[in-house]
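Next up is one chain by itself, shown in structure tokens, the form predicted alone.
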């Protein structure tokens, strides 16, 4: 958004008064005086007008080891949410970049940067999500080829994107998906009448769950990790 429009919306000044303040050097973005009314303001810029700080929010990028039984939501009337696991000092405006089911564990990403999170969650991005899957019955030999070909979901009238399946043991597999359909993993294994008994997300794109984290713990992403998306 242009700085003149931003100030008009976020102060009591008229557009004419805003432009006067700009010309007089009374507006700063990230501690630098701005006089150009067409200067763009980013979501996390520090904006000061006539000595008053209008915005000083900072981007926040977290990885959380989601435990089972915790809801991937910002609030819930019955269950603990993933936001409840984050300190109040920086939980404001956080949202989830790719939810996990109630009993699914593993890597969850939270941020207040919508532009960044859309690069992870938009279907066209096709970001790989890797899951460790435990099943009630041994995984059949033909599952790998079927998953790679895609499975038709009648309810949505679509065929899933090709998925990678690596069998670690008869009842433990590693599954790589490039989309996030409703209960997709359970439905894919359900195609073979095989119940998923445990599901754990290991990674999203190049971001791998920190092995030093315990369930319920979180940490901030590094600059390198943020740059993966």
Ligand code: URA
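Just so we're clear, the structure is a prediction, and the values are computed from it rather than from any experiment. Numbering follows the first chain given and starts at 1.
Below: the form predicted together with the named molecule, not depicted.
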Name the residue from 84, 101, 144, 134 that puts a heavy atom within 4.5 Å of the named molecule in the predicted bound form. 101
Considering 63, 41, 49, 185, which brings a non-hydrogen atom within 4.5 Å of the named molecule in the predicted bound form? 185
Taking the shortest heavy atom distance, is residue 29 within 4.5 Å of the named molecule in the predicted bound form? no
Examine residue 199 and determine whether its closest non-hydrogen atom to the named molecule in the predicted bound form is within 4.5 angstroms. yes
Stretch in contact in the predicted bound form with the named molecule, which is absent here, among 156-164, 51-59, 185-193, 31-39 (heavy atoms within 4.5 Å): 185-193
